[in-house]
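Given next, in structure tokens, is a single chain: the form predicted on its own.
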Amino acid sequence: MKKKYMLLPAMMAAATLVLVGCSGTGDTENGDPATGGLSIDVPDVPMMDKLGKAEGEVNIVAWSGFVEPAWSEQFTEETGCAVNRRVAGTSDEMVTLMRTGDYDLVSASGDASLRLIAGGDVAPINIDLIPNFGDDTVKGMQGQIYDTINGKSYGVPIGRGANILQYNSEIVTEAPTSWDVVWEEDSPYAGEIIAYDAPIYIADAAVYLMTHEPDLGITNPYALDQKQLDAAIELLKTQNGIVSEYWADPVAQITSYAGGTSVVGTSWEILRKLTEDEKFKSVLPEEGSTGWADAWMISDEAKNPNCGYLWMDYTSSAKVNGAIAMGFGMAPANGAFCETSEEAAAHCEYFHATDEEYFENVWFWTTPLEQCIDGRTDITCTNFQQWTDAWLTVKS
């Protein structure tokens, strides 16, 4: 389960990151070549066809920082819809809460979205009712495999980010271009490497193996057959012998770098920024990386669907989507935000908001399924439970 934080100076404590993703360019293998996304059997949930009268409230499950008074109060003034927020700490918690039927919307990450879609817990989105989900939405967050199924959109994009390689440039004096400094047993930084502590990290190993062991035939780090999963686990077990520590808590990760325990490893751009120390640098290595993307989804049992649609449209505007992105520390989905001010432009540049070439090398999280999402039909891929069980063997 993925845990998220509002990464401001008063950051919250920790969580376990769990699930997994897909290509940053919209994977059309095993999908619809026109719209992108994925083709799988899912429940036939009806889509809202027109807006009606606002119900007066909307109940939202969201990551910390996604629903804040700075913009929710204005929404209430404009629409008459009071906003009731429930902050969730993990994707598993979000799925559980959405299945109670008590919530209208959720800010789902790729590891939760496919579970919700496959379970019939969320409805397809009528994008015609969301004018702000239009041409200004960055191309790389449209028609993606984690929220577009059988040609139908189930998510309204919020923001995205890559899992990057961070390093202490005073010690790692030659800027790395490859993940080999954290994966190879003979790394000069053995004992000073920090790594994710979650099953999601299996995908990071798979990304590395795609380049360095091509004979394994991995073409999507979230579509692993048993042989491929075994190879990724073997690499992770090798890495286990050279890591200084694993992290799930962003505060602990920052402390590990600042205190000198770790000098190189996996990070988010916002975590590097929060170190407030220019000696810490980052790079998206030549092999590419994993990443995450979030989207609003509406419950199939939403009691307040009209207010829900109004919220999804409101928060998709350049101004509000940008406020969410700056508050959390990620690339906004609405590219027009980048042109609203010098501060916005600087934020977008730092987080590569409109740089699709950058995100083409990022494999965004989604749930691993037995149906291989790389297009193979002659073999069964490993599912999330198998990934979870395999991860437990890495540090045992």
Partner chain sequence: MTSTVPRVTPAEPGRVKTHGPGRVQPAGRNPLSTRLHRSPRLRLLGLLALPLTWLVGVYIFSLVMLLITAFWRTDPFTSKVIPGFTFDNFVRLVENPAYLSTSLRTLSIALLVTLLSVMFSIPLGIFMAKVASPWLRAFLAVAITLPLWAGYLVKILAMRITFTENGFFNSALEPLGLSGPGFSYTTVVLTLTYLWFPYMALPVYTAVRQIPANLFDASADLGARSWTTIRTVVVPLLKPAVIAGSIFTFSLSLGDYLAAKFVGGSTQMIGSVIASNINLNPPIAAAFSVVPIVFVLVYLFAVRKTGALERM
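Quantities reported herein were computed from a predicted structural model and do not represent experimental measurements. Numbering follows the first chain given and starts at 1.
Unshown form predicted in complex with its partner chain; subsequent notes refer to it.
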- Please run the contact check for residue 360 against its partner chain in the predicted bound form: heavy atoms, 4.5 angstroms, yes or no? no
- Item | Contact label in the predicted bound form: residue 243 to its partner chain, heavy atom within 4.5 Å | yes
- With a 4.5 Å heavy atom cut-off, would you call residue 385 a contact of its partner chain in the predicted bound form? yes
- in the predicted bound form, does residue 349 have a heavy atom within 4.5 Å of its partner chain? no
- Message: For the interface check, one of 158 to 166, 130 to 138, 95 to 103, 221 to 229 should have non-hydrogen atoms within 4.5 Å of its partner chain in the predicted bound form; which one?
- Response: 95 to 103
- in the predicted bound form, do 174, 287 and 326 all reach within 4.5 Å of its partner chain through at least one heavy atom apiece? no
- Note on the structure: Checked 45, 369, 345, 51 for heavy atoms within 4.5 Å of its partner chain in the predicted bound form; positive is 369
- Assert contact residue (its partner chain, in the predicted bound form, non-hydrogen atom within 4.5 Å, options 143, 322, 265, 199) equals 199
- Task: Select from 95 to 124 the residues with a non-hydrogen atom within 4.5 Å of its partner chain in the predicted bound form and write them out in sequence order.
- Result: 96, 99, 115, 118, 119, 121
